[in-house]
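Let's start with one chain on its own, the form predicted on its own, as structure tokens.
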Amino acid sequence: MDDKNLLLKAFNEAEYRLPGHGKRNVQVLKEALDAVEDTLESDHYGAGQVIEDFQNKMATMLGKETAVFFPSGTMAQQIALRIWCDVKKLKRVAYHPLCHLEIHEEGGLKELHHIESVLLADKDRLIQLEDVRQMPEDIACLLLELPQREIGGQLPEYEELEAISAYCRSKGIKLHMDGARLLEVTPYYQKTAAEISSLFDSVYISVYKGIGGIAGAVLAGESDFIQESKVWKRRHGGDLISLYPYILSADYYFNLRQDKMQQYYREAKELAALYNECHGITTLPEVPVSNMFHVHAHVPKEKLEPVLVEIYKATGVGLTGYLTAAADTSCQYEVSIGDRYAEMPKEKLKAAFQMLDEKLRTLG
């Protein structure tokens, strides 16, 4: 068994695991279905009470005219950008160099829709108003990701966001939000999801990340935009005969967790502080702005892995199931706080971080 599997095995065997809500197993669906009447009829090719009620609820929450459920965020966002390009008769959009569409979708936007991307800002920082002002080319749409996952979940200050929104509207540039984790940033901004969404022409949210459903996404906007998105959804094969297992789980866990985002945010800041007290470790951001952050360890991956395995076995506390080499002398991983963190006994957490600090000091 290689080191990666040893670390994951030790993490899975730990009595307490810090990130997330829990195991993604069939119990997630069973719990959601237990709350539903047996007589509830399924949706049928995008129509029916079960899907329409949920879509209306999400539209209201996001402050938009209407919304549509998609089986994936990848599908939803490519379609959103395609619609705005067609509206503007210009197949060019702008987004961050580490945008999901650029690095995780095998060039889908380019190959399927022949849309050109303009990459704004350096990969290690957020898009700023000046980046948008200085674009050398016209674009149909600007995509902003809140928070910017690949750089630790960083966020622009709200005033910067308002300024970018105002500039885009003055120039006729459509503004789309990759809000996969939108609910998770509402505590930092001290704004509702609808208030944040009002700055954007279209919004996508995930129903499985912070919410913790099975899979799926919601795209919201004005009625004409959403009606067009439904046409493209059918073209993409997204109108499955029924999507109710995804919708019911999304609705159940949305109701369960929508009011916990402040708790997750507070706990993320608490956990990041513990990491930053350890020798040779920093978090990005140093103080989280949502329930997620990145942990950067200034030791090689092959040296940290056995240390973590030892800590997990000694304390019963699992910090992560993977490490990514950032350079020859450092590694990193992502942390997202969910329901699990509150179940962690504080004395065990303290013991795990004390041991981590001591072990890292011996590595130099």
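None of the values given here were measured: they were computed from a predicted structure. Position 1 is the first residue in the sequence shown; the rest follow in order.
One more form of this protein should be noted, the form predicted in complex with a further copy of the same chain, which is absent from this view; the next part is about it.
Although the partner is absent here, E159 sits far enough away that none of its heavy atoms falls within 4.5 Å of a further copy of the same chain in the model of the complex. Using a 4.5 angstroms threshold between heavy atoms, R133 stays clear of a further copy of the same chain in the model of the complex. Taking the partner from elsewhere, Q27 is found to have a heavy atom lying within 4.5 Å of a further copy of the same chain in the model of the complex. Heavy atoms of M75 reach within 4.5 Å of a further copy of the same chain in the model of the complex, making it an interface residue.
Residues within 4.5 angstroms of a further copy of the same chain in the model of the complex, judged by any non-hydrogen atom, belong to 238 to 246 and to none of the other stretches in 119 to 127, 238 to 246, 186 to 194, 138 to 146. Contact check for P71, E105 and E111: all three have a heavy atom within 4.5 Å of a further copy of the same chain in the model of the complex. Out of the listed residues A215, A166, L256, A273, A215 is the one that sits within 4.5 Å of a further copy of the same chain in the model of the complex by at least one heavy atom. Along 42 to 59, a non-hydrogen atom within 4.5 Å of a further copy of the same chain in the model of the complex is carried by S42, Y45, in order along the sequence.
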